[in-house]
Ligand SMILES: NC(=O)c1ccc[n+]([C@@H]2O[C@H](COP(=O)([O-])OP(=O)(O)OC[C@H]3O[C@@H](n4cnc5c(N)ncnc54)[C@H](O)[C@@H]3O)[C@@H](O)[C@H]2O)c1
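Just the one chain here, the form predicted on its own, laid out as structure tokens.
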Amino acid sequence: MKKKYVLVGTGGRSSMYLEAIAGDFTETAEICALCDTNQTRMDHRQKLLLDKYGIGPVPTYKAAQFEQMIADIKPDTVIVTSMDRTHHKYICRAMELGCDVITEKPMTIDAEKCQQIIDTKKRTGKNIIVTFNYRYSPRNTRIKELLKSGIAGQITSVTFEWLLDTSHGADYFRRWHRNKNNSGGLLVHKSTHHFDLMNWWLDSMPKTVFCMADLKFYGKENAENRGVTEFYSRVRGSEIAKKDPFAIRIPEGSLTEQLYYDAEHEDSYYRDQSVFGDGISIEDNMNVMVRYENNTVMNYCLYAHAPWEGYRVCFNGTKGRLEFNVVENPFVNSDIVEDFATPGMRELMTDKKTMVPEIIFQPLWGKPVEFTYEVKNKSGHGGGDMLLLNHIFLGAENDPLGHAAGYLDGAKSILTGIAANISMKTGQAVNVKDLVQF
């Protein structure tokens, strides 16, 4: 029997779920309704389902009609892909109305909202799946297997550097994410992936967090300090933007145009804001130190204006050092990456060579050993998306490495970022156990 799904939030992140249900998982899943603040976006998604998959017309509900949608449709599960600051509202109300929940990361953006989700989950007994697709990436799975094997011994410390390039990284400073009240900043919105990986890899959770971070590159003041004298608020209609390599160019007829340009008359949300404008309240350079419950210490660095994108993780253990180096392809959550990539990134995208990540173990004595992994599909996040979707829509009974993530994983991943946000304000280390009660 098919499970009935409804989806809240029809922006870019909804595509993976809608097309999975309408495509590969039609035998087990059915999309029964859409909900959003913006009717134009829902109409576009409705048309896509009808034209591409022959599904529909699917009923649409404005955000204020969420409870009416649940009453009308009686879904088994609510999929939440709305703006981060709204996640907790839909997650909690869905559970209170008798539904299970699948939610995009981050589960929510602050400790109060996190506690509300934990309490509602306990009270209702409903299920929450948090979609950490990076766990499922074959290369990240290989690291989990190696650490679990004990090859490096007890892990004493970790250095973790994540670089966002001037395509992907810049994009967070154009969109709603640039307002920390919406996203919790990159340490919550983006780094929740990385902090979840570390929790999963180490089989532990954060205990104490200290952070220093700032906005050092994006924003008007920083641009002025570098000698920039011409500014604009958004790309559309701006002559100045034509000279800015950071300006996004949205092609006519593209998915992004249909979801955002065509929909902005309803909510005045502008997808093409200048990354060097006023009103940016998130950081672009972040350094975090974390002590975990198992006594491992991690030094984490994230910056969002790098010339290339990828990450480096080094695990120092009692038997040696495991090094993990990844160069990722440029990415942005739309179909327009080639239109606003910097020249260097554009050249990289046309390079047909496969950029293979390196996993190397250096024992305390002896020669280094290189490890490989196998990618069995071409889905997003290094082949992880399809494996994640299989778990979501077919079940995760066979899960020896614990890929499937629930509400506790969702909470533990964001608590590092939430604690880091508090630390950067107070200048003090934060004890994670003081933030929420499990």
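In this text, residue numbers run from 1 along the sequence as written. Quantities reported herein were computed from a predicted structural model and do not represent experimental measurements.
Unshown form predicted together with this ligand; subsequent notes refer to it.
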Candidate from D76, D110, E104, D262 lying within 4.5 Å of this ligand in the model of the complex - any heavy atom: E104
In the model of the complex, K412 touching this ligand (heavy atom, 4.5 Å): no
This ligand contact at E309 in the model of the complex, heavy atom, 4.5 Å: no
is_contact(M83, this ligand) in the model of the complex, heavy atom dist at most 4.5 Å: yes
Close approach of H87 to this ligand in the model of the complex, 4.5 Å, heavy atom: yes
Interface stretch in the model of the complex with this ligand - options 148-156, 169-177, 222-230, 290-298, non-hydrogen atom within 4.5 Å: 169-177
Residues of stretch 23-43 in contact with this ligand in the model of the complex (4.5 Å, non-hydrogen atom): D36, T37, N38, R41
